[in-house]
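A single chain, nothing else alongside it, follows as structure tokens in the form predicted on its own.
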């Protein structure tokens, strides 16, 4: 493999005269530095050494960014204002009429963020898109074709097209509310502003030209996307909290009896001798022989994922060792390790290795490193590293991901897990965010938003009110980064609603069939920075516009008759070719917005439309899925376990457009792919005068780990 190429141009200084009537100190000008093709570093004042990226051991993929080619900023440097006033940093970007802003955290209700005010703050999501969320990533993407990361680990405020300046180049029209029906409570704003409570900050700018190019550069700058082990893309089941080894083994046998796939079993707090706070040691009553228990699951090709939270119990062997390296306050009577310290990382790693990794445990679910305020350390807490409590909070989930990922990397073993808090710089970490908020529609919006900010999100299934909701949730989760049923609280099983057991089994098995396609999508995330599940707004040819619905005057609920924005936030792309449009309980039909080009039904191959809005009325057992013209979708058989066995491959082609698909393959478990031990198998379809043919092209000396008997299936007549 080639070594990464680092290109740094000479640093130049310039004044941004549009900032303020109060000039900056002459010894603190704004500094610009081009890091690589289409990536610039801009700083002002004295940026804090501790930031969102500084504590993470990530390496930008400069070579991959360079291969994307050069990119210019669509805005001038002079129009970006940065200044330090009264110990705080003020940042301003220009906004054009019609310009859209995406990103700025894992939001659950909105996709376009223009017109919002936020305080970006790690917390459990509380039902409002106000900036308090599990991943408040201060990175935005503009429809003009650029993006910016405000690289500070402080809580920061953002006004996204809401503030109006006296010196605006495009001021709003002054209107009289008494007489003018066009009066607006929120006048037009031509700027995007941030306030960072620090005496300087670094901003990293990313060029396009497309929004997908911006996101790709951002992900690659943060080390590329995560490539999970192949087993991580199978079906997961989390068992009730106090299950014993016997209970788990009984449940595993039931999966086999019902013909359901199972790749990962998740154990909840009861696996530990103490939890809330935690010992990270096995409970001897429920798990008297954890080595044999984990080995027994591994022998059945089922991995073990263990729940934890960060707070250390005084009742375990870890307490005295880690106590000197913990914060001033406790959470649930447990001490809080300062993960920024090397001593903390070493002590925690040694403990995890002894009690989990050495026994064959495959990964973690890292809970409650996000909030709420009432049960997290307060901002007045102190930590032995000297870093502020708010800074620790902003990166705590990121640090836990970093430490545990390196633990497995040391063993040349890939992991895949779940986490409750994340931030910028974590795209390469093999963790997926989940939470306790449980709204199906909002889960899809979060899935869409995750693709703008370099994180993964899962709309995991827990309980449901009826069989229809149960099935609709199952259909959605099987097209997400982790297909998981979480029964920790209520003991639900895939067959809990017998009337839809067959349909639930079918969608779970479809998930298993799609693993070659999904694994290739994740490889493109790792090598090229392309999100495996992504917003329609990042798809070429997609042009659905958000609309404003006139607000109705209500003296109590809406005294200013604020308009309500309507946007498409319930369909998304998976991999290069699949458009997924979930239905929700109570729905019999829905609209689907198709991007430009011809689209075809995934199940039948029939033509459905081209660059238009279509209406679909699928049967209950089908989640609407569409494939773009020329789409190639490789499928395994409907297996229930992921083994090292080679499987025959069905290669589906949709439409009539010739196409080439680069199927990815490696050993599925180690990091040897980073040394070049992987294969791209070219699946090629030609169409000459209506006669289609398929060809499989293996690179010379290319190894195949997972496939045999390649069979083309042309879905469209």
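Numbering follows the first chain given and starts at 1. Since we're looking at a predicted model, the values are computed, not measured.
Separately, the form predicted in complex with a small molecule exists; it is not shown, and the next lines address it.
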Answer among 388 to 396, 151 to 159, 431 to 439, 506 to 514 for heavy atoms within 4.5 Å of the small molecule in the model of the complex: the stretch 431 to 439
Counting any non-hydrogen atom inside 4.5 Å, which residue from 129, 112, 193, 268 sits next to the small molecule in the model of the complex? 268
Contact assignment for the small molecule in the model of the complex, among 276, 188, 607, 584, heavy atom within 4.5 Å: 276
Contact check in the model of the complex: 367, 420 and 488 versus the small molecule, with a cutoff of 4.5 Å between any heavy atoms. Do all three pass? yes
Would you classify residue 527 as touching the small molecule in the model of the complex, given a 4.5 Å non-hydrogen atom cut-off? no
Tell me, yes or no, whether residue 255 is in contact with the small molecule in the model of the complex, where a contact means a heavy atom of each within 4.5 Å. no
Does at least one non-hydrogen atom of residue 260 fall within 4.5 angstroms of the small molecule in the model of the complex? no
Even though the partner isn't displayed, in the model of the complex is residue 636 close enough to the small molecule, meaning a heavy atom within 4.5 Å? no
